[in-house]
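A single chain, nothing else alongside it, follows as structure tokens in the form predicted on its own.
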Amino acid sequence: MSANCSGKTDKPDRLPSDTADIPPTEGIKYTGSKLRLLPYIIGEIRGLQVRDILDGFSGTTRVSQALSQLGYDVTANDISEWSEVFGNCYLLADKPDSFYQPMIDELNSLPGYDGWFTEHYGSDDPQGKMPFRLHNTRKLDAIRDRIDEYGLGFTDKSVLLTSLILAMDAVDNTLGHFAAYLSGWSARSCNTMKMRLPKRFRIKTANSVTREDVFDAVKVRHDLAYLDPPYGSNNEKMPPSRVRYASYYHIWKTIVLNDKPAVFGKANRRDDTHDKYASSVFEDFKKDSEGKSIAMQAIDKMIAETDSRYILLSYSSGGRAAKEELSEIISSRGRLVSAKEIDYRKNVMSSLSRTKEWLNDTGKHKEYLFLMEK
């Protein structure tokens, strides 16, 4: 491979120290990943008299994977197609590895060719500026078309698609999303993608996977709802459309659908990631005529309509949400059972005796967990 591949190295994920009893999970690089938050999420849920849990914004499904392995019946819900695929792979697919391995072996052996993905996302330009090297997009083109030819049901197909996404995620030339690409090739992008069996677990719980608007999903009764809405960036200089999850992960959607959509912009985003198609009320940084945050009103509505005894709400201090308004919502919609502040850099968690304490933090990026009882 080109010498341009030697310049960058990849930083591994750092986990909190208290992870001994946290089940292993699998996922892709993801801005909203709760990998490091898992010990704290599980710590809040343990001890509660709950059996079935809604993961309202399941993303890569790491939270759902962990909860299922711990014996909870889980509903993984997310509006993204690739999240639905992950959910089917890890929470529903129950065929043995021996069913999928021959197909994965065949897919890995396919010679690559120039197809739609290579045209739009492959390059060997020394400056990079594309998400993948040509040898990997050529493999992607051949493999993705072959998967459709197997004629599998959606759940079994999801295992292969998850394997393919994991393989491409391991050789990308990005910072973890596809709204912009690195200039110069990362070390991993020079490797050749190779599919492997996803690290599934024996399913012992009654799980379900849905792709619904969260306002519909929360109306179904659950003992507990874990809600982690996409707050978006608080960087006012960044256009809102560039921080939306639909634009961040558009390539995974295209791999799932294989629909070869119209694209636009330097990053060749899917046409349906334009603001007029892909806007999310939770990512809206605007305020209404009364000066109230539109995103906060959405969170208030979501909590009010959630049919669960308990709600565990995640909040990121780096989001566009208004802290004061969120504090008022938490106080008015139920009994606050606990409030936790997680500082990843110091690897510590603090209990907040009053919701108001978090309003006066130092401005450093922190995560918060609010456990409410309705």
Ligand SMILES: C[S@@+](CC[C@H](N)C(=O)[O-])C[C@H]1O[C@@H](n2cnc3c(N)ncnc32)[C@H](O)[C@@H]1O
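All residue numbers refer to positions in the sequence shown, first residue = 1. Note that the structure is a prediction, hence the values are computed from the model and not measured.
Here the subject shifts to the form predicted together with this ligand, a form of this protein not shown in this document.
S.K.: Do P230 and this ligand share at least one heavy atom pair within 4.5 Å in the predicted bound form?
M.R.: P230: yes, in contact with this ligand in the predicted bound form.
S.K.: Look up in the predicted bound form whether V214 has a non-hydrogen atom within 4.5 angstroms of this ligand, and give yes or no.
M.R.: Although this ligand is absent here, V214 would touch it in the predicted bound form, with heavy atoms inside 4.5 Å.
S.K.: Although the partner isn't part of this model, could you tell me whether F282 comes within 4.5 Å of this ligand in the predicted bound form, counting any heavy atom of the residue?
M.R.: F282 belongs to the contact set for this ligand.
S.K.: Examine V63 and determine whether its closest non-hydrogen atom to this ligand in the predicted bound form is within 4.5 angstroms.
M.R.: Yes, V63 sits close enough to this ligand in the predicted bound form that at least one of its heavy atoms falls within 4.5 Å.
S.K.: With this ligand left out of view, which of S33, S317, S327, Q69 would have a heavy atom within 4.5 Å of it in the predicted bound form?
M.R.: Going through each option in turn, the one that passes is S33.
S.K.: Among the candidate residues N191, N207, S293, S80, which is the single one with a non-hydrogen atom no more than 4.5 Å from this ligand in the predicted bound form?
M.R.: Selected residue: S80.
S.K.: Want to guess which of 303-311, 329-337, 33-41, 46-54 is within 4.5 Å of this ligand in the predicted bound form, heavy atoms only?
M.R.: Contact-bearing stretch, as computed: 33-41.
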